[in-house]
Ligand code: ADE
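Before any questions on binding or motion, here is one chain by itself as structure tokens, the form predicted alone.
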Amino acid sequence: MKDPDWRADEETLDRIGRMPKVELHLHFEGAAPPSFIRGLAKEKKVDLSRIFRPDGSYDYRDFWHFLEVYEAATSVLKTPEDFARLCRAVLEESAANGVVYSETFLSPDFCGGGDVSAWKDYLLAIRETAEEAERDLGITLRGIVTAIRHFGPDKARQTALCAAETAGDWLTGFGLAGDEKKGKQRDFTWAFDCAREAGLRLTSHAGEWNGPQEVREAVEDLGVERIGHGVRAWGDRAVVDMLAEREIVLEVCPGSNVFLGVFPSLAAHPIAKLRKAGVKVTVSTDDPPFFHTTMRREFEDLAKTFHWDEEVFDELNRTALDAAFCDAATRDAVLKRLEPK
């Protein structure tokens, strides 16, 4: 057993930071570098100066204002070509931080306004760019169609129909994101049933802002196998035990949680306690440029805070890959990239 007083030296931290990584929780538009959005806005002669700080980073007050800024940033993404360019920018950044496999949340609401025909055009542009990036950069991308919770259940039905029409070996999952304070998980049952019948695998944001009951409801009412965030589950041992027993995987985004004030510091974050309790946890960035993080930074900060060594991060990567919404051939190919060189 590792000495509990173990500390990673700079060389070890560097090795941990450079490890190949699997990321399951990445919002596509939320991963847009600020410089990319500023440049696109300038091309389109759209004034988005209000959403940026003087240093060029995104500017917002809290989570709910973040949602407004997020939607403002996406407003300049108008065409399939725009999303193809975004895909390249996002994957270049992820690959530079060691990500070899990524799953990203995509919403037909932002890609064609929920029209199935338009959605297919956007999806094709994104997928073709992702396949080019896989050849060029060695990073594999898969898509998860995401309903926006605060847009309501009716819009989610439309989103689920778009997902069902395009389900396959690249578009492999369905989920729910947005403002947890709006409605209940069960309000979206129809959309999740539709996605399930289409063969899509299921995840839902829960337990980021609302308490443990929100996590239970996502599992029991929607039948998901993964939870986006889920960290508030720590407030109820019965929910924690349920997650462990059912092997529900948490897509944990520590840097995001701390930046938004869900927890006051990384040391106060329950990821290590959840892992020790037998819950399957993984590590992701959520909306990295908004929260000033990268996958490399997440690994290094966790190593410093919880004294995790390379063996722990290898376990986290393999847990994420086992839970990935991809086929066996893709999983085997990615597994080879995780092996030490």
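Numbering starts at 1 and follows the sequence shown. None of these values were measured; they are calculated from a predicted model.
The form predicted together with the named molecule is left out here; the points below concern that form.
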When the named molecule is placed as it is in the predicted bound form, which of 35 to 43, 61 to 69, 298 to 306, 274 to 282 ends up with heavy atoms within 4.5 Å of it?
-> 61 to 69
Can you pick the one in Leu123, Leu86, Ala191, Ala177 that has a heavy atom within 4.5 Å of the named molecule in the predicted bound form?
-> Ala177
Is there a heavy atom of Glu208 no more than 4.5 Å from a heavy atom of the named molecule in the predicted bound form?
-> yes
is_contact(Arg226, the named molecule) in the predicted bound form, heavy atom dist at most 4.5 Å | no
Within 4.5 Å of the named molecule in the predicted bound form, which residues of 120 to 159 have a heavy atom? Give them in sequence order, or say none.
-> none
